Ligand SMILES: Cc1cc2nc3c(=O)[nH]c(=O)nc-3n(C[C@H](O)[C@H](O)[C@H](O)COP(=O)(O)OP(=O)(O)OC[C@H]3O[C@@H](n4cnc5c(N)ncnc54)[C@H](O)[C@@H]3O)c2cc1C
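Shown here is one chain on its own, the form predicted on its own, set out as structure tokens.
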């Protein structure tokens, strides 16, 4: 039997960022079902700090995370590095142009509108017929996922966080005003359960006899291939099709490509589909003037969304001490600093931090009750 203040279920970026904020003042235990932390979505993310990406709530959380990423604490290394992002479109993709400019205006961000000639000067490997316009965001930055994840955990461990891997939760019960969390090896007595189980979030709630929030995991495929020349691997920004039919991004001297698909999936160790990789290769070759001779490695990850596409972070009204923290979609890395701070304050019974409130973050927008 382990007795703690908070038991976090899930060892990805979501759980780690919450542990970072709670460990200095509470006894915190983290349970991860896989052999190591960050195994699923966290470890499979093509992370980009992209303040103009996502819903209004996501953009607020991303903006509120900026100061942390720009000047991280001592336990972290450099999290951000320059990259930029470029949305491109053909002449028949004018609606996409209007959508992206409208989103930028709504979040008070500025995109540089580029002509076809300016886009081709920036990325000469693009086919001229594939480009009629471009929107460049110089605020977009590469993020080092491993530095961020291990930084959260390192700092939390220094304050007493205990991380146990290979511990799949089998039962969660309420007993005497506290929770009992059982795995095959352990029984944990805790005041608060934090459900940060990623694609398994609804399933974990079911173990506690709590109704699901109808969160749906979606598979997304990614793969790497050789850069067409020695400069492309470092020079390109992230390049996104206007209708989000594909994207490419330099990655450790190679190019990472994705179909940008969303295919509903049960919670699982997601694997790539050959057809999805082939479709993405075809779309990229249609837009660029070089062939993809060989796919070096492919993988898939699950991005979990709620019905309104916004994260959920808050206590379950029907079950005191049960805290939802999930449905973060493809935004979990770039929003983790703000979401972790939000959850840390809520679980500790503190007021919403001023730096979050000043970015328009509201408890009601993240509360699980909104999805009931």
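Bear in mind that the values here come from a model prediction, so they are computed numbers and not experimental data. Positions refer to the first chain, counted from 1.
Quick note: we don't show the form predicted in complex with the ligand, though the next part is all about it.
- Comment: 7 to 15 is the region of 345 to 353, 7 to 15, 358 to 366, 21 to 29 lying near the ligand in the model of the complex, near meaning a non-hydrogen atom within 4.5 Å.
- Contact with the ligand in the model of the complex, defined as a heavy atom within 4.5 Å, is made by all three of 169, 302 and 328.
- Looking at residue 152, you'd find every heavy atom of it more than 4.5 angstroms from the ligand in the model of the complex.
- Although the partner is absent from this view, residue 46 contacts the ligand in the model of the complex, with a non-hydrogen atom inside 4.5 angstroms.
- At the 4.5 Å threshold, heavy atoms of residue 197 reach the ligand in the model of the complex.
- Although the partner is absent from this view, residue 316 stays clear of the ligand in the model of the complex, with no non-hydrogen atom inside 4.5 angstroms.
- Just one of 204, 240, 255, 161 comes within 4.5 Å of the ligand in the model of the complex, counting any heavy atom, and that one is 204.
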